[in-house]
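Coming up, as structure tokens: structure 1 and structure 2, two forms of one and the same protein chain.
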Structure 1
């Protein structure tokens, strides 16, 4: 029988990030396969409230490392805290969310505890009691899927966001057992040599990339091409798109052809960069819904939509790639008119 430990951390607001609930959902799937031993480990500054929000998950025990030094992400302190939790629980399987904080420290944790680690996990097959646990992940720009298992223990499984159903249950008080990885007085200079003085973000104008948004809005090259009157209307296109993003609280994606136009000397949307690119040479987002506009739905672009659960498209070409089985619904219409109408309905 496996012993499962779910490692979580709180964010800057003192709450668990959304992907933490997805990692918890993945662990619950493992437990339903006959693996009954199930513990939660949380690190951060003040973790009592966060622990209570998952009090009804069915874990047999809750452990935490709480210290002001853990209010910010620092490799040395995070590694010491996670190592103490693993030593306390002695798990065989460790499930953790793929956050930027954990992505930095979990490989080092695997080395410290003599275990194995696999990242970008999108599915877990717990099997029946006594059977091997199998995990799945994608390779080569999400074109190849592998299902594998490991004999080595502890085995760290870092799950990707959007791949598992988030755990939803009742809150409740928990008996949170505190673990201290440091001697009395807190961490010494050997783990706090890195001083976090603050966070500085680049000047990028309007925030358009929202990983936690339910809807992904993708703009194609058609927005910057000549319209029915023979003229381009890039400023109007940008105003419509930004208005929809604000009204729908959506995230903005782009086709490669649109973001590449900047290098060709053509007018483009100033709110776009290659960071917004979705597809084989871009990103593979995991939003609940996706709306493609003015892009043709060709395979190099569509591969980036593999994990978007509901896909719709707006295109004037009734025979575009989206219409050939790559979208759930295709609206044969002018995207300018459609988005303008949507903005009216959203009150933008």
Structure 2
């Protein structure tokens, strides 16, 4: 019988992030109707109330490491805390959410506990009881998908956001058993050489990345190119795009060509940075819908759309990449005109 440990952390506001509930949902799929030993481990500053939010998840025990040093995301202290939880529970399977905090520390945890790790898990097949557990993830930047298993334990499965049904259930007080990775004096100098000073917004000034938005709006290099009148219209493009984002409550993505222009010293859209880049060397965001504008739809860009379900594009070129089976609809039109009209309709 497997012993499952779900590792979680709270965020800056003291709550469990949404993806924590998804990881919990994934772990519940592994439980074979409740037969496995099932423990929760939470790290953070004040974790009591967060533990209560998942009080009804059916875990046989709740462990926590609570310390002011864990109010921030830092490799050294996070690793010590997670290592202590693993030592306490001695799990065979560990399920954790793919947050930036855990993505940094869990590979090191795998080394330290002599375990295995797989990240970006999008699906888990628990099999029948006693059978091998299979997991799925993408390789070569979302270009092919593999289903695989491992014999060795402990095995850490880091689940991607948006791939699992979040756990929903009763809250309730839990008997949180505290674990301490450190002696009396708290974490030592060796794990606190790094001081976290805080969160900064991206250089683009306006916060344009909204992971929870239904719609992803992608701007391509065409917005900064010479248009029919032989001129570029970058300030106008910026105004139209920002207006649209506000009206449609959309998140802003970009092609590589457009964001690269800033490092190449051309006139640029100041609302964009490399953080907005979607694709092979950018992000693979999850949104229900995506609208590509002035973007050609080349393969290294489109692999970043793997998890965007409904796709439409506006492009002057009827033969652009989107038209070749990559989008549901391609409107052959001038994006400046279309977005201007759209903004009217959206009341911007």
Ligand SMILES: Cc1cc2nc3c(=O)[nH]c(=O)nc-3n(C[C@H](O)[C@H](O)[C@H](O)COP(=O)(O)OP(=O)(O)OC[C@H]3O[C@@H](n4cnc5c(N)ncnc54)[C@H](O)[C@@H]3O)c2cc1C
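Residue numbers count along the first chain shown, from 1. These numbers come from a predicted model, not from an experiment. For the two forms, the rigid core is made up of the largest set of C-alpha atoms that agree within 1.5 Å on superposition.
(message) Please identify the form predicted together with the named molecule: structure 1 or structure 2?
(response) Structure 2 is the one predicted together with the named molecule.
(message) My question is whether residue 255 is one of the residues whose C-alpha shifts by 2 Å or more between structure 1 and structure 2, given a fit on the rigid core.
(response) After core superposition, the displacement of the residue 255 C-alpha between structure 1 and structure 2 reaches the 2 Å mark, so yes.
(message) Quick check on residue 314: with the core superposed, does its CA move 2 angstroms or more between structure 1 and structure 2?
(response) Yes, shifts by 2 Å or more.
(message) My question is whether residue 223 is one of the residues whose C-alpha shifts by 2 Å or more between structure 1 and structure 2, given a fit on the rigid core.
(response) True for residue 223: a C-alpha shift of 2 Å or more.
(message) Rigid core superposed, I'd like the Cα shift of residue 325 between structure 1 and structure 2 in Å.
(response) Here residue 325 registers a C-alpha shift of 8.9 Å.
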